[in-house]
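One chain is shown next in structure tokens, namely the form predicted on its own.
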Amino acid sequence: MPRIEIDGTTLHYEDTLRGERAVLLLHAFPLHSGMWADQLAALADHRVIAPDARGLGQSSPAAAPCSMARLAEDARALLAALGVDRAAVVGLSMGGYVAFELYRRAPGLFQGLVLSDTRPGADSAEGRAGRERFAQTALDRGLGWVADEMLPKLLRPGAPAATAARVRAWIADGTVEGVAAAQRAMAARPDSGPTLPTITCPTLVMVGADDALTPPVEAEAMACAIAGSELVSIPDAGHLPCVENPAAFNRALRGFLARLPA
């Protein structure tokens, strides 16, 4: 499986090596590139690249504290190493936070932007404290506890048992160090609200209709703040519409990619 050394860490990534146009998929916490399996298969006419964040999936944990800046630079370095100078960037949940940071650093990289089930705002003091408690408990109790905590938040009520089992397995593929580092990186992320009106590339905002973590009302507000953006609600899905309703998610994504200028 493809791996690359970036700033002292070995990152695993998927690369379909198909098509001329590139799509970068940035995954949710605490999962990895496996959550994009349906998209890797569906986007047969694009070169789809999906990295695992540090310490999650098959990427090794970072030796130093993590940050959105570090994750954005990892993605930027990966694309550069693969010879990709422009891409449509898709960020879901934590991946959206990384996409915001990447846009601030390299707006010319973006052929288009898809923000799914994410929010621009920074954490409150209470939110930051909650993430630190989560990080400490994950280190103490392990990935089984992480899965028990996250599954009800990631999936809609009544999600199929097979879907829950897939998500649980993706969480188990990571490391507690990676989970803790990602939580602390999200806690320290900057407010991306001021970034929204600066986004000039074509943008699609998607949200699971039953997402309780980043509900549709937040997606609507985000779409309103990005000039010319599109908004799509994915039915029968919670925080992971690409997993829970891949047919609807892929239909919206493929339509958006087809409309992007050359």
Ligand code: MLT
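Each residue number is its position in the shown sequence, starting from 1. Computed from a predicted structure; not experimentally measured.
One more form of this protein, predicted together with D-malate (MLT), exists but is not displayed; see below.
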Heavy atoms within 4.5 Å of D-malate (MLT) in the model of the complex: does Phe100 have any?
no
Indicate whether D-malate (MLT) has at least one heavy atom within 4.5 Å of a heavy atom of Ala28 in the model of the complex.
yes
So in the model of the complex, does any heavy atom of Leu115 sit within 4.5 Å of D-malate (MLT)?
no
Quick one: is Leu213 in contact with D-malate (MLT) in the model of the complex, heavy atoms, 4.5 Å cut-off?
yes
Given that the partner is absent here, state which listed stretch (106 to 114, 91 to 99, 141 to 149, 165 to 173) has heavy atoms within 4.5 Å of D-malate (MLT) in the model of the complex.
91 to 99
Out of Met186, Ala135, Leu78, Leu155, which one falls within 4.5 Å of D-malate (MLT) in the model of the complex, going by heavy atoms?
Met186
